[in-house]
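The chain below stands alone, shown as structure tokens; this is the form predicted on its own.
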Amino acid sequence: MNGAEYIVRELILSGTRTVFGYPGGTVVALYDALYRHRREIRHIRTAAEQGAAFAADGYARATGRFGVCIATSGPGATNLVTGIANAFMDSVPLICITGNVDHHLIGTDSFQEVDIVGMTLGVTKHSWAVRSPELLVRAMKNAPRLADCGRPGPVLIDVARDVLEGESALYDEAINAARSGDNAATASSDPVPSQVEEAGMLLNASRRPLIICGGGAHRSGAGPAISKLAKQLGAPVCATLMGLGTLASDDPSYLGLVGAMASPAALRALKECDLILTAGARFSNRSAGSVDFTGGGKKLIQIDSDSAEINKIVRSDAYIEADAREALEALSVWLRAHEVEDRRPWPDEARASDGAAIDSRPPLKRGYIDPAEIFGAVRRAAGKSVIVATDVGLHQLYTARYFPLEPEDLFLTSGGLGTMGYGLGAALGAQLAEPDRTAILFTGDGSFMMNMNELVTAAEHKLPVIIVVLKNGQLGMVHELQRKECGRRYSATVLRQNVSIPKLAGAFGLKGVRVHSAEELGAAVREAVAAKTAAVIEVRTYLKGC
């Protein structure tokens, strides 16, 4: 068999059933192999390669295992870079396969030749520049394990065209070995007892501990462990943007979001606690903001599966290098052994929640809907166990603050890289992975215009994603910065695009509607859910900076 056939067979043997991509000259052989195996593995052609990377990202977050995207050499490969960087920052496992020119042409500035391995070195867990059958076998055997193990992330396999098209007996041997189960197993490491003990002693001595759950806690399914530990310690719990949904919104310990658009209750707890326990949170400037995690004598315990994140930004007093759920469960066992059982919670006034109140704003124009009403109407109409995606901007922060995410929901957003245009591709990928769930995208008019071309993917594959475009005529976050820092000199952040979003949706063969009240919005969402069809809903609103 040739290299292309080998790649497709390895993907099938690994359990991959859906891949995303866009064909091109150097990957013709790979697409021919996909065609031959079309009954075993489905290929989704997106409108552009960036959309393929975002769709693979959403698919990975929905399934809990690696997503796959494919691109040709040159501009095809470079169009993947933003999606690869996005997955790297948010710890999403991807296998990105790119074609390149024949290996003897590499380095000659051949047509559509780029050093994609060099370009992505800083945003991949590992990369292979495949120029021989031996290296292709090594890459395909190791890529799934490396993408998924430890802190997940993207890997890149760049394959020369002549390797894809050339035949080798090595491929048959590798496939036979895979079928016989001759693959190296990956071992998981348990939390180190001494690290657990050091953290446990600090928790035992604390009187006002606070738990912050991040993306690592959510990814590991640590919600029950956090809820149990919070009860043992009498501790409130907050979540970063990527940690939303780890705990139920009505959990008695939960205070809401920290970082940008933080709830007042969370800010009070951060100020008044004497110890912070973080689980799978990176202390990025967006989630940390101006919070002093160790000021006033506060102690800090950090849990993270990635050793590179420990003590990288904030110096901890103790740490546990392990999976968040396993570390939290080990801490709970240690505390129980040392007779720490269900402490009284903090005083009510220190833990009081602000609910979903939104700061005062000017009276709304006719036809404009208050943000609180938008998210409440969609939540009620969409039902339970939904996929919620966002793009990046003020609408992202409003969604995080005011849409009541539950553990059974799936929340897709670009946390680390802050990628405008991420949401539509991600929602489509997740909907393909979970076809029985309702998928909703909240986006702004700026973000929506960046990757609206992926509406063609929704239309072609009849994917029932509900797209709520919060139209405020601004690039809201930068507009707010210009208001605060530039004396209201709004340079290139006012959108004077006379675009009818409902008519635009209709041009793609999708239903588009403009609503003027929360009741109309709820009805439009219910109609789309009942019909299991895509819909693009334009909502006019004000989004205030935070």
Ligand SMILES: Cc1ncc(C[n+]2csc(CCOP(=O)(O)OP(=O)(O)O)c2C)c(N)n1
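Residue indices: 1-based, along the sequence shown. Not measured: the values here are computed from a predicted model.
Here the subject shifts to the form predicted together with the ligand, a form of this protein not shown in this document.
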item: Answer range among 62-70, 38-46, 476-484, 506-514 for contact with the ligand, defined in the predicted bound form as heavy atoms within 4.5 Å; value: 476-484
item: In the predicted bound form, the one of 264, 404, 418, 435 near the ligand [non-hydrogen atom within 4.5 angstroms]; value: 418
item: Interface residue in the predicted bound form among 106, 450, 137, 119, criterion: non-hydrogen atom within 4.5 angstroms of the ligand; value: 450
item: Non-hydrogen atom contact residue 446 with the ligand in the predicted bound form at 4.5 angstroms; value: yes
item: Heavy atom of residue 543 within 4.5 Å of the ligand in the predicted bound form; value: yes
item: The ligand contact in the predicted bound form: residue 393, any heavy atom under 4.5 Å; value: yes
item: Contact of residue 112 with the ligand in the predicted bound form (heavy atom, 4.5 Å); value: no
